Each structure stands twice: as structure tokens, then as C-alpha cells.
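Before any questions on binding or motion, here is one chain by itself as C-alpha cells, the form predicted alone.
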Amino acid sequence: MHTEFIIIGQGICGTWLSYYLQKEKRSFLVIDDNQENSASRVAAGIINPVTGRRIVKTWMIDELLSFLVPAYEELGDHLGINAIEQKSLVDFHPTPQMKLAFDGRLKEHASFLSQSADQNKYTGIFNYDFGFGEVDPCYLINLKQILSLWRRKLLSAGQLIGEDVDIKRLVQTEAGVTYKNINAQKVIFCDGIHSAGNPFFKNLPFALNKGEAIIIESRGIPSDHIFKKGMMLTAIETDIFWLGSNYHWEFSDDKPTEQFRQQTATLLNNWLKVPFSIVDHKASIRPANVERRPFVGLHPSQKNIGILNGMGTKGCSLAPFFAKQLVDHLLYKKEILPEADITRFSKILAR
């Protein structure tokens, strides 16, 4: 079998990379084991332009939003779904200090932040003592349907093999690479945390962390906003809400923990005034990195081996933009943004 590109992984990165290659009418084959608890399949798909305790704009957010909104709308039209939904985020201040921090950023980030005149608007639904601000626009990406419907299209077109990759079977040749009976010009790794153990990219400064989320059912929570009080709460289906997430830098496995379940149950009991029930509990390990900048491009000394990875918690906002950059680099030799180009790690990748 011959193809131009082998793509390892069909999470958010592999999906966008294969989508842009298909738009360019290039041949490719995706290999993915459809792991249920991969980071892309556990995430809610929230894009929040202003984050952190310091309430600052996320990296490149203005440029990213101008690109990704039409990109998701186009992909949604292709799949026949609503792929992106604009929502505002209601940020309940957990402490007086956080309220002051938010208020202090209002003028600086006026395009995203505002303070509601009606601070009692949600008192029938939530307990909160220090008011709330709003972040608008935020976006919710329909990850579940995007990943499953794109996978279905790839399968029907014979462009996806559903299996776990045995990297020992990957061989470099003068013409490119071979994997089992597949000959290709290049292989691109979009396989999340697995690249941290990949012999080609294991020296990259990955900083894997574990996150967990609780799925609840409740009929009393509005679905037209994202709510935040320490954690994010957002509707993912009718009366079904995702609550998350946390960060564990030390962990022994990728399984849900009873500690997180108990902590979030306590949070919900203290926060919600409406009935709810916990219906699921998920966990995953994120492919984050020390710099909080993506890994994009071809290996400096292995020109047939590439990567699109290291998105951390920002996969929904970063993947479309950098997948397009990578495709333009592969096909038209255009430059990748230096902050994301893996040539910045040429020295450690040469070891």
C-alpha cells in the first residue's frame, strides 16, 4: 500500500491534520486505536480566552479566534453538525481577592471581560458570596461528534486503520518510511502522550499531567452559559453537564480517583441549589509541556518524521491553526511559527 502521509492518532490534532490534507487532495492513512480515555475524548472542548488566577489573555488568542471560528464552522458544515457554539462564561468569584483581580482587568481586557449589573441573577441556582463577572466570547467545541463523525468518514473511505501502533515496525527508507505493508513519504505523530515515549521525540520537554471530570445530570441548570467556580461546568447534552478539571503532576495511572469524585461532589453540594446526580467520572493524561507551546514540524535530523502535539489543555484552540501551518509547511515549504516549530529543540533532539 502506498500513501503520501501516515498520521498516527486521530484526536483533535490528527483530525485537523487529516482534514487539511484531504482539502489539499493529498493521500494519507490514519492509524488510531480509538482510546476511550484519550485527552481529546475526555475534554469538554471549552475555549476560554482569559484564564488563570492572574486573569490574562491566553497566548495568541486574538489571532487564533479569527482563524478557528470559521475553521470549525467549515468543518461542521462538512460533517453536517454544529461544531462550534459561542457562549459566555459566568465566572463566580471564589474569594474577595479574585473579585478584585477580575475587576482590575476589566479595562485592560474590555473586549472579553464585563461585570453584570444584576449580581443576583443566579441566586436561585447557585450559591455564591462574592459576585461574578463574565467572559465573552467563549466557545464550546462539539468534540464528541467531530471526532466520531470524522472517524466514520475516514473508515468509509479506507483512510483509517483502527489499531495500536507498534513503533518498532516503523522503518525509515531512502524514499520515506514504511510501516508494516504501508509505504509513505512521511509519518506525522499526533498521538498525544505516547509521543513522550517515542524514540524520535522522547527528549522533547513534555510535562504530562492528569485531569479528571465528572458528568452530572440536572434539569435546573441553564445550558446557554459556561459556569465557573474553581472548576468549569458546561452542558454537553440536554440536561447533561461536564464538570472539570484538575491537574495532577504526579500520578500512577490514568484511572478516575475516588478523591476527585468526593471533592467534586462536595463542591457541587455547596455550589448548586438545584438537584443533580453524578452519572459518570472520567480521567485522562494530557500531552502538556514545560513551555506551554506546541510541538509542530519535522524532526530536525529525521526529515521524514514529524509531529503535531504538546497542546496541553488548549487543543481545541491550537490544533486547527497549527495543523494548517504544518500542512502548508509540508506541501509549500511555508514557515511554522517559531514559538511552535520543533526546530527550537534541534540540540536536544540530536542526542
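Given the structure is predicted, the values throughout are model-derived calculations rather than measurements. We number the residues from 1 along the sequence you see.
Below: the form predicted in complex with a small molecule, not depicted.
A.B. asks: Only one of Ile55, Leu68, Ile61, Ala43 gets a heavy atom within 4.5 Å of the small molecule in the predicted bound form. Which one?
C.D. replies: It is Ala43 that has a heavy atom within 4.5 Å of the partner.
A.B. asks: Scan His194, Lys87, His93, Lys186 and let me know which has any heavy atom within 4.5 Å of the small molecule in the predicted bound form.
C.D. replies: It is His194 that has a heavy atom within 4.5 Å of the partner.
A.B. asks: Choose from 112-120, 73-81, 204-212, 170-178 the stretch whose residues reach within 4.5 Å of the small molecule in the predicted bound form, heavy atoms counted.
C.D. replies: In the other structure, the partner sits against 204-212.
A.B. asks: For the spot marked by Gln10, Ser38 and Ser245, is every residue within 4.5 Å of the small molecule in the predicted bound form through some heavy atom?
C.D. replies: All of them do, each having a heavy atom within 4.5 Å of the partner.
A.B. asks: If we define contact as a non-hydrogen atom of the residue within 4.5 angstroms of the partner, is His299 a contact of the small molecule in the predicted bound form?
C.D. replies: His299 lies outside the contact set for the small molecule.
A.B. asks: Residue-level contact is defined here as any heavy atom of the residue lying within 4.5 Å of the small molecule in the predicted bound form; does Asp33 satisfy this criterion?
C.D. replies: Residue-level check for Asp33: yes, a contact with the small molecule.
A.B. asks: Leu233: heavy atom within 4.5 Å of the small molecule in the predicted bound form?
C.D. replies: No, Leu233 is distant from the partner.
A.B. asks: Any chance Gly315 has a heavy atom within 4.5 Å of the small molecule in the predicted bound form?
C.D. replies: Within the cut-off, so yes.
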